[in-house]
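Take a look at this one chain, the form predicted on its own, written out in structure tokens.
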């Protein structure tokens, strides 16, 4: 069956390696101990005007051990996953746990989790690593040449990154899981120049990274042929677009743009480690506080946001997180009110929750798990309006498409976002592109201005495969689903 785990990847070798670590940790008197054995393969190709300019194909393997002992916590990893190195990791992790216990900085307590013994694999039809690397590069070259043949495109940058992530997890409670995740990130950027002014502009494809296999590029979930055909015309219009007049506008925001606003203003703001101030060194904390759960008015009654580790094709979709917690789906915002947070096992214990909701993830088995974001999505309205319906109901406003630049303050309050392209809307019709649009706001005011949400037909899953967090920095993939959504009276400024 497509997407099945190859049993050979999770045979006695990783089980033996993890078992050696757990046995040694137990002999040294640790409390809870966990071990991960990882195999991470990533291949990339970058092209300029259809010619490969660089690329890589790397395989990273590692074993890591985390232990809790005497009120302290310790972690160690080595890049050669054998029983011998696993024992060394266990010994080093125990020594670290003893040191943190003496220093009083361990905080070593985890919420309980049922015991799991299972394998899981993300949904895909064709593993991209089963496609020869030359064929992968040839497809990106063909797409690049298709764009280059159509004015005003003068240059095209392209890339394709494919990742296969295999992890074996075992802990002293008896949980044992094996997982495989596949994801792909294709992108093309077309550049053009105004024939009279010499000004340049660029547009990139909107179809983003996805937790799918090679079939994603065949158009199973995104019409790449249509996008490549339409992109030169969009670029031509962008080159001639008049600049926006600053002011307040009603904004219809396409899911290809709204996902990033959701990521920054809701996703990161509801991570418990930021809420508690435990994560501040990279991208700040949060204006949210635990006591406001169930009370904070986050947005209008149309705002319903879920956290989900199970959504098919989601970049953060897993069977189990890196603490052995089974994937779940839960509400973050219901009818505009904050009703949930994202927590890992340590965070769940800290706030007295019965259980983690599965938000621990490490970039590889060589890294310690951090609290990381699940797929965070704004829910559509069943039977709700189409994008065309929403546009037809606008007297005067702007339609915003495609994520571009962004900034947000260190508590996730004040932000600014730009777009790949924006259209003036007058009397229910698109009236040409506008240049230099940047919309600004504060998180609660912005979401309070949500006045219409599209139906299920407007819902699309986007996301980022390199969301950065922690020190040292780790990258994680995260998906965000959104429908088209209308916001009233949003402040718009003009960018340079």
Partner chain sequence: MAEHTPQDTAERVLADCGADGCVVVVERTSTAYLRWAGNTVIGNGHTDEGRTTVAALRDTPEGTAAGVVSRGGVRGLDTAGIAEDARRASFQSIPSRDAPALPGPREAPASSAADWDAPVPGVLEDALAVVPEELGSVFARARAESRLLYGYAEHRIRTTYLASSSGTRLRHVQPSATLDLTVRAADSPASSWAGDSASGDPLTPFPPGWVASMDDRLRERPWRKERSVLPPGRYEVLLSPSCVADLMLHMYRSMDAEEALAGRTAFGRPGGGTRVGERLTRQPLTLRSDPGSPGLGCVPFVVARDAEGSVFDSGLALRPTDWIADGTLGALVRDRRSARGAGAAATPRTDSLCLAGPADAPSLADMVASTDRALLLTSLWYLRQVDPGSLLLTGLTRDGVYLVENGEITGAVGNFRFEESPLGMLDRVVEVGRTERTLPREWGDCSTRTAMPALRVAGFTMSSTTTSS
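In this text, all values refer to a predicted model and were calculated from it rather than measured experimentally. Residue numbers count along the first chain shown, from 1.
The form predicted in complex with its partner chain exists for this protein as well; it is not shown, and the discussion that follows is about that form.
**Q** Can residue 264 be called a contact residue for its partner chain in the predicted complex at 4.5 Å between heavy atoms?
**A** It does: once its partner chain is placed as it appears in the predicted complex, residue 264 has a heavy atom within 4.5 Å of it.
**Q** Flag residue 282 as yes or no: does it have a non-hydrogen atom within 4.5 angstroms of any non-hydrogen atom of its partner chain in the predicted complex?
**A** Heavy-atom contact with its partner chain at 4.5 Å: present for residue 282.
**Q** Could you tell me if residue 57 has a non-hydrogen atom within 4.5 Å of its partner chain in the predicted complex?
**A** Result yes; residue 57 sits at the interface with its partner chain in the predicted complex.
**Q** Can any non-hydrogen atom of residue 77 be found within 4.5 angstroms of its partner chain in the predicted complex?
**A** Contact check for residue 77: yes, within 4.5 Å of its partner chain in the predicted complex.
**Q** Would its partner chain in the predicted complex be within 4.5 angstroms of a non-hydrogen atom of every residue among 61, 366 and 418?
**A** Looking in the predicted complex, the three residues 61, 366 and 418 all sit within 4.5 Å of its partner chain (heavy atoms).
**Q** Which pick from 167, 122, 210, 73 sits with a heavy atom within 4.5 Å of its partner chain in the predicted complex?
**A** Looking at the other structure, the residue within range turns out to be 73.
**Q** Among 115, 226, 103, 395, which has at least one heavy atom within 4.5 Å of its partner chain in the predicted complex?
**A** Only one option qualifies, and that one is 103.
**Q** Counting only heavy atoms and a 4.5 Å cutoff, which of 425-433, 28-36, 451-459, 465-473 contacts its partner chain in the predicted complex?
**A** Residues of 465-473 come within 4.5 Å of the partner.
**Q** Taking only heavy atoms into account, state which residues of 178-213 are within 4.5 Å of its partner chain in the predicted complex, ordered by sequence.
**A** Result: 189, 191, 197, 198, 200.
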